[in-house]
Every structure is written in structure tokens, then in C-alpha cells.
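Shown next as C-alpha cells: one chain only, the form predicted on its own.
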């Protein structure tokens, strides 16, 4: 049963101005159509991984096309520098750091977004949209860790938090179970070969990567990732059974992209909202043979090309079906880049002059800018102003902004940290947020000019991923306009500014 969320009220009359603008060549009947919305969420793609952001070592023509015919933001941020909290915040409009159970989820984690919470899917579904979640999930399934019925109906799941249709990876690429889950049931499961999953103890008789390196015929780990072996790659966690249901890594992009295309084509005559979360370029990187060797940067670069292909498939499907001018696309990434994230795929050796982090410091897992400053493009011909915006924007505001776009009125209990910046996202205004809050090993707060990172006892450097984590026992303050690379901590030189930003951050902490 589809829940009708008490925290959402719909006022569809506000849709008309948007639709008229997006369908400037349409007849009167078409003017009544409400706008489709697609969020394309890449995985671990950094600001500098896309050619539209100035890096010329790789070409992403389909993404570039969205940027050239839409609005590209240069100061956009994910809420967190890792996947699970970032996605949680995007879908709920609620800072993940307000809870203590939103860290990087295991493959058998219970669903982190609870059914009683209001999600962006709820907002669209209650406004009359058909809603879909396709691709990487990494937000848990079921009630509690380790209690999922992988061989039956898994509940709660995406349908319970606003998505009519779902075709998702059970967790993420490097964690078991390595299966797709469609509408909360494992795809292609043989009932005579049931799945068992554990994140505590291995299963007797099931080979592990750490013991059988000769079985790792596709990729070997560089650090961690030495447990269950699936398709010649060892993963995190233990698994047995479900052999017929296992995905093939080189086909993941094709599988989820085809499902996204099918979802669009199935809903041509009614408004739809699609959350399309690609697996690229997360590890293990095993691009399809069509892309293998094409980038000159190994599997990581090839996976970027594969991501760009997925974007192109979405664009061409909209064009073929006459939906381009009535579909708003937001393209971004869940966090910043990481080069070696656990597998020997030559990503470091073949990086060359490519800079996944662009001009910024850090990367995935880091408090520094590259941890959360991500690609961000908004596109809808005739509605979104073409160009480049340096407005300070955050994923946290996607929820409230899109709710305003479709006429969904949110009560104070819903999306409590999200604010409406739809005019900024459409390019009608240049004003962005006064400040943003970001999460990695510590909490930080940034304005256009200043960034304050709160003191932390966390590690300074992750030697496995070669990432500066940006943690320090001392307060850190950087002038981002003069010191984009965050090299000079000026907290002691500007004590008043340090205290001012610290106070704002503490206010956010206490505003529950």
C-alpha cells in the first residue's frame, strides 16, 4: 500500500508557470503536463573528473552537453564526504550527522531511512508522480542489521519511503550480497539455492580472497576487500548461495541504465520522478568491454566513460520520446573522488596528469574541499538559464527546492534542514546559501569566502587511499577566495571569524 504522507500537502496549481516555460512550443493540451524530474547521482566522481569542469585529460561529451545547454555550478557540495550519509541527506533533506547510525552502511544494514520519515520520493508520489529508484542504494534494507529475508520479500524497502518502482543494488559494488533487488525481491533467485549473508563470520566451505588469491581472476585487493569471492573479485562481507542471481560486474551499468530507460518509456504519459544512482565509478571498477582500455587511464578512467554513456542514454531516451523540454535533470555525485579505494586496478599508476579533485585539496573521506565539492548541473531547455553559476549550493536543498517546483507544501516536520533555492537552481537568481554544513571526520562550515573545520581526534592521513583527511585537534580556518587549496590555516590570525563560524556551526548542531 502506498503511504499518503501527513507531512505533505499538494498545491498543483503552481506547476503551470513551469510547464509553460518548459514547453514553449507545445499545444494547449501539452501545457497541462507537469514536469518530469530526474536526479542522476554518480558515485565517487570528483569535481575534476568531468571535462565540463575544465579537466582536459578525459572527455565526457554527454555530461558536457547537459552542462552546455543547462546551468553548471562551480561551488556545489554534497552534505557528506562518503556515500551513505550523503545519500541519506539528499533524499530526506535531513543532515545525517543529526543521527549516530548513518555511517557507511554494511551490506546487511537495516534501512537507514525509516518509513515514518518524509522523503523526496514521498513528496513526488503524493503530488501524483510515478516514482522510481534505480541503481546504487547503500541505504540499507529491512528492519535491522542481518535480519533481511534475502530469499523472500524484503521489507521495509524503497516502496515504504516513496518509490513506486525500484531496481537497486542491495548495497554497493564492493559489499555482499552482489545481487539486484527489484521491488524488494532479489532478481533471478533460484529458490533451491538460497542466499545467506553475514558480516560477522565466514561460511564454512566458501573461499575467501585472503586465502585464495589464485581465484581472484578479475581484480585483486590493494587493501581490505578480501572476503567473499564473487566473479573473480573479493568483497567485503561473507555470502553463500544465490549463484544464479549474482550480477556480472561488467554488466552493472548496462543493467541499471536499461532499467532507467524502461522506467522513462513506461511513464511517457504521466509525470515521473526518477532517482538514478549509477555505480560508476565506485570500486570494484570493471567496465564493460565496450569501454575497457578506451580512456588510457585504466578501469577508473574507463568507468568515467561508461558513466557518460549512461547519461547519454537518458538524454537520447528523453529526446526520442519528446520529453526533453518537460524534464528537469539534476546531475551530481555523492562525494568527492578517490583513486585507490581498495583494488589493484592501476588507477594510481595510470592517472597521469588527470586531477580528479580539480584545484582542491583532499577527496572522498576528507574534510577538505575535494571531499564534498562535487559536479552539479541542472538542465531543462527553455526553463533553466544556460551558463555557469558560482552560487554556493548544497544537496541538502534539493528536496525543498523540488518540492516548491512541483507544488508540494512541506510541513515543518519534513525535510527540516532543506531550504528552497529553486530560483537559484533554475538560474533566475545568483544568490546561494550564506553557508553550508559538511560532514567527514569532523563537521565543517563554509561561506563563499571562509571555511571552518571543527577540531577532531580523527586521523590526519589515510595511507591506504592516499587521502589527506583534514582532521586536526586544532580549529582550522581557510580563506577559500585567496587559498582555494586550503594550505594556510589562519584560525589564529582571524580569531573573531573563527569564533563566528564556530558559533553558527554550534547553532546548527543544537537546531534539532
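Since the model is a prediction, treat every value here as computed from it, not as a measurement. Residue numbers count along the first chain shown, from 1.
Form predicted in complex with a small molecule: not shown, discussed below.
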message: Check residue 77 for me: does it contact the small molecule in the model of the complex (non-hydrogen atoms, 4.5 angstroms)?
response: no
- request: With heavy atoms only and a cut-off of 4.5 Å, decide whether residue 236 touches the small molecule in the model of the complex.
  value: yes
message: Can you work out whether residue 334 and the small molecule are in contact in the model of the complex, taking contact to mean some heavy atom pair no more than 4.5 Å apart?
response: yes
task: Answer for residue 364 alone: is it within 4.5 Å of the small molecule in the model of the complex, judged on heavy atom distances?
output: yes
statement: the small molecule in the model of the complex has a heavy atom of only one listed residue within 4.5 Å, and of 418, 310, 83, 424 that residue is 83
- line: Picking from 339, 283, 406, 305, the single residue whose non-hydrogen atoms come within 4.5 angstroms of the small molecule in the model of the complex is 283
- request: Could you tell me which stretch in 319 to 327, 147 to 155, 220 to 228, 262 to 270 has residues with non-hydrogen atoms within 4.5 Å of the small molecule in the model of the complex?
  value: 220 to 228
